[in-house]
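We begin with a single chain expressed as structure tokens, specifically the form predicted alone.
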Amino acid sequence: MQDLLKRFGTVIAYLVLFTVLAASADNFLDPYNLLSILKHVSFLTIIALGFTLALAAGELDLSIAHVASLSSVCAAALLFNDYPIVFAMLAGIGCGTALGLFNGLVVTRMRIPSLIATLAVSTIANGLAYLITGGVAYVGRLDTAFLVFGRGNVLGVPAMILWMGLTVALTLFLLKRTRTGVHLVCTGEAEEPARLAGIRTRRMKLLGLGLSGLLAGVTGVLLTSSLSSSSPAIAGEYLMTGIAAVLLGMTTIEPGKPNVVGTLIGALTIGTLRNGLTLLGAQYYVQDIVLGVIIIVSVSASARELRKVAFSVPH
């Protein structure tokens, strides 16, 4: 029973939370509300999965939010200047990927701890976003063919939920069914033994941070498509919520380790809690307080892992 609670305690807590909100919040179980929760959670899940991959490789990526915002701004700027939709989307995703790889190069080549390196890149990304926009948001005037990626439906299922499902499936496949995924996880769990075993640990860290940037870019582009707007702060809230989702996920399924299913559960927990508190009429600051408590509790369960990755220097 103790092992069961250790592994699935967070899942059980989510089910209890869901039951309490279903009983106390009006319209919580309305199908449209449940779909709304999943749709809003999808952005958080995708960007948090990027952080999960970086953490699985033994590195932190604190630039995810500003990289996502810059990717959003890049895509919107090109669309507002009548560039082709595909080109704008690829440019936005490519921008995120490039910054993720830059994070990886700074960490692996310059041997700067990821905590510091990604904070610096985050600042650069934020500055570039303001440089492109001049501090003015892009609103409206976006082609409906572009908006369908974030607002469309397939057989009544919002497109964002399908994007989330696809990202979860691909990330799970990478980590559990490929040699590259195994090497990535081994690098994060024991870098020196992995290096001595012949695994190219620097390349794995570069890959983890690169994929984190790619998924941040995807999130930024999809946010632009869903909201039909963009600004330098469009993804700002996803730094703390993304980290919270990953850390909360590390308390379940594979306790102490970043894992895909755990991250999904963490994102669902945060999204469900926020939706329920809103329906109950709680003020916005109550949500922030609750989120802070979640981070503290989840960090306490994985503090040793975080200390190791925050200040480690690649060999």
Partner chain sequence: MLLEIEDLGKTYGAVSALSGVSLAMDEGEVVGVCGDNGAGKSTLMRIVAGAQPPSRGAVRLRGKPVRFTGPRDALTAGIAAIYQDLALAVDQSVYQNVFMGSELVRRSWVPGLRTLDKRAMRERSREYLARLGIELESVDAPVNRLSGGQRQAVAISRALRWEAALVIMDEPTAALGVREKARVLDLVRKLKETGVSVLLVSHNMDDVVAVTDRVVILRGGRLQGEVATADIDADRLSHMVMSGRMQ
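These numbers were taken from a predicted model, which means no experiment stands behind them. Residue numbers count along the first chain shown, from 1.
Note that the form predicted in complex with the partner chain isn't included here; everything after this is about it.
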query	finding
Option touching the partner chain, based on a heavy atom within 4.5 Å in the predicted bound form, out of 198, 135, 127, 84	198
Candidate from 101, 91, 112, 182 lying within 4.5 Å of the partner chain in the predicted bound form - any heavy atom	182
The partner chain contact at residue 176 in the predicted bound form, heavy atom, 4.5 Å	yes
Residue 227, heavy atom within 4.5 angstroms of the partner chain in the predicted bound form	no
4.5 angstroms heavy atom contact with the partner chain in the predicted bound form for residue 186	yes
Close approach of residue 240 to the partner chain in the predicted bound form, 4.5 Å, heavy atom	no
Option from 188 to 196, 216 to 224, 69 to 77, 154 to 162 whose residues, in the predicted bound form, bring a heavy atom within 4.5 Å of the partner chain	188 to 196
In the predicted bound form, residues of 25 to 59 near the partner chain [heavy atom within 4.5 Å]	none
